Ligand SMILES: O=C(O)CCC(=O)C(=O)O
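Have a look below at one chain only, the form predicted alone, in structure tokens format.
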Amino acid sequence: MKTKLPLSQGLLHFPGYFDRTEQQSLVAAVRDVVAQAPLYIPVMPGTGKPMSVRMTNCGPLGWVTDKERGYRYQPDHPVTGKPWPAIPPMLLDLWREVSGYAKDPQACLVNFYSDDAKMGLHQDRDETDFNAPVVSVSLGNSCLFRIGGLERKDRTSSLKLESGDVFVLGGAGRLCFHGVDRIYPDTSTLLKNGGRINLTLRRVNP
């Protein structure tokens, strides 16, 4: 087990979980995923407003959103109609080491943040199994990650997530509100054109 910093309410931070060589291997695996399931721009339910991130998925299920049908998981890419590619073995190994959950993840979201992208406070609650944690990997430029409580109005705190870090929302903290306030440009040389990749492993169904 790598260095673990337990935070409140079942939240865990593993700084530098993946070293530089492992990060490069993960980026190569992500490129393979994107070659099969291209990045696209998701939009908000109801308004159709585009999000500031581009995304895709791997695994048996993928998280998608659109104006008409909203947030959901489905087995195929909303643009190509093809099944999502498999979750890379390195990420399955990560889940088995840090999740404390017996069953493997069913979805891995791949979010690409340009250096001016952000993500507002939200809960990950489109799954039916809240006993399984959410396991997140940061690659590329650092970000300012904000984490709150179980209500949107709860007090928040912030920490910087750097390339190779892993963050786990589990236990009582599984449904904590969280978001990305900003990306710090030029804080990593991992991605040739800058930006940040966030990989989020989830178990959708019990």
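Sequential numbering from 1, following the sequence displayed. Please read all numbers here as calculations on a predicted model, not as lab measurements.
The form predicted in complex with the named molecule exists for this protein as well; it is not shown, and the discussion that follows is about that form.
*Asks:* Counting non-hydrogen atoms within 4.5 angstroms of the named molecule in the model of the complex, say which of 72, 103, 122, 82 makes the cut.
*Replies:* It is 122 that has a heavy atom within 4.5 Å of the partner.
*Asks:* Considering the named molecule in the model of the complex, which of 30, 64, 161, 147 comes within 4.5 Å of it through any heavy atom?
*Replies:* Comparing distances to the named molecule in the model of the complex, the residue within 4.5 Å is 161.
*Asks:* Contact with the named molecule in the model of the complex for residue 180, defined as at least one heavy atom pair within 4.5 Å: yes or no?
*Replies:* Residue-level check for residue 180: yes, a contact with the named molecule.
*Asks:* Applying a 4.5 Å heavy atom distance criterion, does residue 95 contact the named molecule in the model of the complex?
*Replies:* The answer is no: residue 95 has no heavy atom within 4.5 Å of the named molecule.
*Asks:* Using the partner position in the model of the complex, report whether residue 109 sits within 4.5 Å of the named molecule, counting heavy atoms only.
*Replies:* Flag for residue 109 set to yes.
*Asks:* Can residue 203 be called a contact residue for the named molecule in the model of the complex at 4.5 Å between heavy atoms?
*Replies:* No, residue 203 is distant from the partner.
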